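Given next, in structure tokens, is a single chain: the form predicted on its own.
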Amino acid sequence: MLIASLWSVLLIGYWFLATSGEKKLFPPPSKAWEGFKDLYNEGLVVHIASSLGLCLQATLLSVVFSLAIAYLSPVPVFKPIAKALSRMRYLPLTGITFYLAMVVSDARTMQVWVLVVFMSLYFITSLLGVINDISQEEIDHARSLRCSRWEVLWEVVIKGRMDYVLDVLRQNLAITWMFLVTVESILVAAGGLGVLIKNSDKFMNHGRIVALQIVILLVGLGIDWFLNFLRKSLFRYSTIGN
């Protein structure tokens, strides 16, 4: 805490010093504070709630789809599907939105499914890595206890790696939260932090932009802290050796 506080003071102090001259790379803290107050008066809390709601909806759909694909990947019939979806993460965003626009007409639904596809491709890749890292000794141990194939799947793969799944979700959600700003520009009427930062950039209001960047960072760190706290609370054994 002492070290973190020291670095925070040094960072804020450097911000004041770096913006005190004539040439400024960033707006001074006073401008960022004014931008934050303007944003709050314009309904910043509502826009944060809109972004969190969109992210939560897409995350729930993505988790269900990704877990189903990953847990079925040991079955030979489904293994090529899982690998193919993992390889599709190299597709650009334009390639995804083009085909989604052909089947989805509602802009809000479009936002959700762009995030679902984007998040699922990376989530599946990470989950496949978790499953492949399961040692043969763990599987043999379950078989020695006379577990059936389905019991091995439940006890070793699903139940035994649930803390890893939550940690993978935490890492991939950080990517999704960063990408959320771009997706929210699809439907401006729905609001969200992406709409606010886009409008601020359009009018070259750098104070508001910096204020929004700080808000986005703090909300993202809050989500990350909550998921990490949830993992440590639900799976206490995951903290052993850390």
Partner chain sequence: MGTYYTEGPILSAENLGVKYGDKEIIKNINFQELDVLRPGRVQGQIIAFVGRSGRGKSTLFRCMAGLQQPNEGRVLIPDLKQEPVAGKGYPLKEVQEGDVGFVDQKYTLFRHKTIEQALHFAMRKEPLSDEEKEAKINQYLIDWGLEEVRNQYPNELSGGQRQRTAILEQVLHSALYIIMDEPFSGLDVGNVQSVQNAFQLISQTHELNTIIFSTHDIDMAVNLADSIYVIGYPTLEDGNLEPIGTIVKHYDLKAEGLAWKDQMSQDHYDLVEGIKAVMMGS
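What you see is a predicted model, and the numbers here were worked out from it, not measured in a lab. Numbering follows the first chain given and starts at 1.
Just so it is clear, the following notes concern the form predicted together with the partner chain, a form of the same protein that is not shown.
- Of the listed positions (L166, A82, V156, V117), a single one reaches within 4.5 angstroms of the partner chain by any non-hydrogen atom in the predicted bound form, namely V156.
- The putative spot formed by D133, D224 and K232 is not touched by the partner chain in the predicted bound form; no residue has a non-hydrogen atom within 4.5 angstroms of it.
- The partner chain is not shown here, but in the predicted bound form it comes within 4.5 Å of a heavy atom of R161.
- When contacts are judged by a 4.5 Å heavy atom cut-off, V103 does not count as touching the partner chain in the predicted bound form.
- The closest heavy atom approach of V77 to the partner chain in the predicted bound form falls outside 4.5 Å.
- Though the partner is left out of this view, R143 does reach within 4.5 Å of the partner chain in the predicted bound form, counting heavy atoms only.
- Checking 133-141, 84-92, 68-76, 109-117 against the partner chain in the predicted bound form, the stretch whose residues place heavy atoms within 4.5 Å of it is 133-141.
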